[in-house]
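What follows are structure tokens for two forms of the same protein chain, given separately as structure 1 and structure 2.
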Structure 1
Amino acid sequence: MTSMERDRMIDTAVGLCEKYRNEPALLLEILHDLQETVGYIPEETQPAIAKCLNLAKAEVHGVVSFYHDFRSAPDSNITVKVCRAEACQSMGANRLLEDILARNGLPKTGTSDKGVTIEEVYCLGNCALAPSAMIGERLMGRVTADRLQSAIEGVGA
């Protein structure tokens, strides 16, 4: 990262803190927005956020690392969440996850060379239409590895 990029990210983070009136209770909203803008929560922005909200750096880091949603590395183009909770397992979710990882050349959950990130989640609230997966914000029910893979390719992988 160049120092210019770094400064720009810090400016973005500080701007978001201001948008939320530097309110420490709104740290999650700030982080959500930052991740949406930059694609992840750059480590370099954390001290700046801490300063704006009058929090310890450790507190900001603690929040970033506690929640599954927040990433500390750049996002890929496509994020696929495969549900592995009980209802989906009863309809073959584990097999689905294995298949979709294999088709994207991944030995375990993570990001492929083509920029497809595959994550496991525990419940997407579509338990009557299991198994379920989500691409971006698109929820898919009664999903098969074939349908999921073509949906992944459909969004440009």
Structure 2
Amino acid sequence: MTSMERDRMIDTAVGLCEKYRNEPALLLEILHDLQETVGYIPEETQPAIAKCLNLAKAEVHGVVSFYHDFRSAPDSNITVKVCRAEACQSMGANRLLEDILARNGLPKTGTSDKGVTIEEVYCLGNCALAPSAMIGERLMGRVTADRLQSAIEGVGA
């Protein structure tokens, strides 16, 4: 990231804080807007947000790192979420997750060299069709490792 890009992202973060009147209680809204605008929550913006909201840098970082929906790095090309809630686990989600991680060369959740990010989540709201997974915004039910891998490859991995 160039210093100009960095400054622009910080300006965007400061502008969003001003939009929300520098109200600390609106930190989540500010972070959601920043992620929607920039694509992620750059680490460089967190001290600026903390200063605007009169919070400790650790408080802002703690919120960003606590919520799985916030990304502190640019998103990969393909995000795959595998549900591990009870209904999905009872229908083989743990084995599905292990298989899909192995097929994409990952020992645990994370991003592969091909830009496939695999995450485990706890309930996609599709319990009747367990096990469930999601690729981008596409929800899939009764997923097998073969079907999920085909879908991943179908979107460009």
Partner chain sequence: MTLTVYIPDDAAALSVGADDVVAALQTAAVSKNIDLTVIRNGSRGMLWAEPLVEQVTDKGRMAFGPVSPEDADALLDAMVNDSDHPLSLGPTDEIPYFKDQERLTFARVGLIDPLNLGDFEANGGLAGLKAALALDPADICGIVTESGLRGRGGAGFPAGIKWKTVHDQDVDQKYICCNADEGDSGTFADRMLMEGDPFSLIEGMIIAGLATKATQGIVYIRSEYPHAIAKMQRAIDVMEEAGWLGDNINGSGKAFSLKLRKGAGAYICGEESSMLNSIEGKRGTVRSKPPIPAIQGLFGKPTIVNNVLTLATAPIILARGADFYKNYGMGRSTGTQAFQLAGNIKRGGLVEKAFGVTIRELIEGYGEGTASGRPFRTAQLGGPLGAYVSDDMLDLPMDYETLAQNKAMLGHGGITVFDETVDMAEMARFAFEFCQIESCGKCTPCRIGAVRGRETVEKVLRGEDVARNIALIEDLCEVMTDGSLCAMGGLTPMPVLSALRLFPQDFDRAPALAAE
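The first residue in the sequence of structure 1 is number 1, and each one after it adds one. If you superpose the two forms and keep the largest set of C-alpha atoms that fall within 1.5 Å, you have the rigid core. Not measured: the values here are computed from a predicted model.
Eyeball the pair and call it: which is the form predicted on its own? Comparing the pair, one sees that structure 2 is the form predicted on its own and the remaining one is not.
Cα of E59 displaced 2 Å or more between structures 1 and 2, core superposed? Yes, shifts by 2 Å or more.
Using a rigid core superposition, assess whether V14 undergoes a CA shift of 2 Å or more between structures 1 and 2. Comparing the forms between structures 1 and 2, which are aligned on their rigid core, V14 does shift its C-alpha by 2 Å or more.
After the core is overlaid between structures 1 and 2, has the C-alpha of Q46 moved by 2 angstroms or more? It does, since the Q46 C-alpha is displaced 2 Å or more between structures 1 and 2 after the core fit.
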